[in-house]
Every structure is written in structure tokens, then in C-alpha cells.
Ligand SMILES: Cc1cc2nc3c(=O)[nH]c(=O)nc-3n(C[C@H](O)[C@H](O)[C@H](O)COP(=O)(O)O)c2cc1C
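Before any questions on how it binds or moves, here is one chain, the form predicted on its own, in C-alpha cells.
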Amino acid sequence: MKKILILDGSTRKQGNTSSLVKQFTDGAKNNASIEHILAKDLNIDYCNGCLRCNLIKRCSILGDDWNDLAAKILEADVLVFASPIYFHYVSAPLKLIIDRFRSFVHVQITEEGVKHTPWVKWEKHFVLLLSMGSSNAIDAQPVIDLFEYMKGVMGDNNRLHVIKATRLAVIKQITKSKEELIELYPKLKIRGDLAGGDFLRNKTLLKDCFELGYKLSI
């Protein structure tokens, strides 16, 4: 049975990110073992760049939740990173976790830049479930660029899957009906004639999450 670990960076209950995650888990739950972790509920310290992980092949910070989380990350077949986009990046609780991924690799400074070599090559599926207020998905590009790099560094057989949900400003907006969007958009100073297309797009995005969850669970 596949092991799926969801690292959820949402800081609001029942937000749009939560809706994406729910559809993904609904698609996967009959075939996979799923653990869903809210990043904000973890006790994760800041990476302080001490570089000791280059010597001991693990993070040297003790007393937080990282060691337990790192074991789950290594065991997972599918790693899901779900987050709203805040100022072109993931939320702060999720960024804390991503920074600690530094301990999974050896880092060597070269004349050309920095070379990352994983202690163990991974063969995992990386999934990004991203929601954002912007109407333009380019706002999420810095996150996607990082994960394109990360999945390549960690091994040639890793795969990245990205779902981007745009123009979502209020809680549960992605699940609202066409009529609810028509009523909402003038309050957000968004053209009302966009509501119909956005309703259909949102339904498709939720379906895509469900189908991706199913696909990666079998």
C-alpha cells in the first residue's frame, strides 16, 4: 500500500487549500495510507545553517518534531505540499519544514555555485496543491521552481505534479456555486461576468485533485 504524507501549510480552517487537500485525499483514501499534518501544529525550529548535517548526515537540532517528521518523509511514496500563496511563496509554517530539508543532502560549495548530493536518492512523487488570490498563476512560480529543482536534486526518478488554483480570496470560495460567485465578485471588485467561467474552472480543479489522488494511490 502506498504511503502518502500531506504537509499542509494552510493557516485557516476550511480554507481553499483545505478543499484541494480534501479532494486529493478522497481520491486516494481507498488505496493508500494517508497522513495529513498541519504544519502550523508542529514544533519545528529554524534551520540555522550550522552545516553539521554535512558531517552527521542528519539534522543536529534536537528537541523539536523534526526527527519524527523526517522519518515519515523518508518513508513516504508521495509527498504532498499544500499551501496558500503568500507574497509569491508558501506559508511560513511550511517554509520552516522545507528549510530543514537541507539535512537530507550534502552541500558542497564550488567555484560555480553550490552542489547538493542526497544521502539517499529518492523515488517519490512530489505534489503541489497551491491556492492563491491572484488571477495569474505566475505568482506561484517561485514555489514551482524550487520543487522542480528539489525533485531533480533528490534523484532522477522523482516526479512533480502541480495543481494551481487562482482568484481565490475568501474562505471556501473554490466550493461556492455560480450564483454565490456572482454575488461575491462585486464585493471583491472583480467583474461579475467572470463568475460563470470561474465556477466551472473551480469544479475542474477539485476534480483534478481527486483524480490525482487516485492516480498516485494505485
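In this text, residue numbers run from 1 along the sequence as written. All of these numbers come straight from a predicted model, not from anything done at the bench.
Only in words, not in the display: the form predicted together with the ligand, which the text now covers.
Exercise for the section: Look at the candidate spot formed by R12, T17 and G133 and say whether the ligand comes within 4.5 Å of a heavy atom in all three of them in the predicted bound form. Expected result: Yes, the whole candidate spot contacts the ligand.
Practice task
Choose one stretch from 101-109, 143-151, 120-128, 84-92: the one whose residues place a heavy atom within 4.5 angstroms of the ligand in the predicted bound form.
Solution key: One stretch meets the cut-off, namely 84-92.
Handout entry: the ligand: the contacting residue among A28, C59, L168, A39 in the predicted bound form [heavy atom, 4.5 Å]
Key = Residue within 4.5 Å of the partner: L168.
Exercise for the section: Check whether D77 has any heavy atom within 4.5 Å of a heavy atom of the ligand in the predicted bound form, and answer yes or no. Expected result: Output for D77 is no: heavy atoms all beyond 4.5 Å of the ligand.
Exercise for the section: Enumerate the residues of 177-191 that have a non-hydrogen atom within 4.5 Å of the ligand in the predicted bound form, in sequence order, or give none. Expected result: Result: empty, none.
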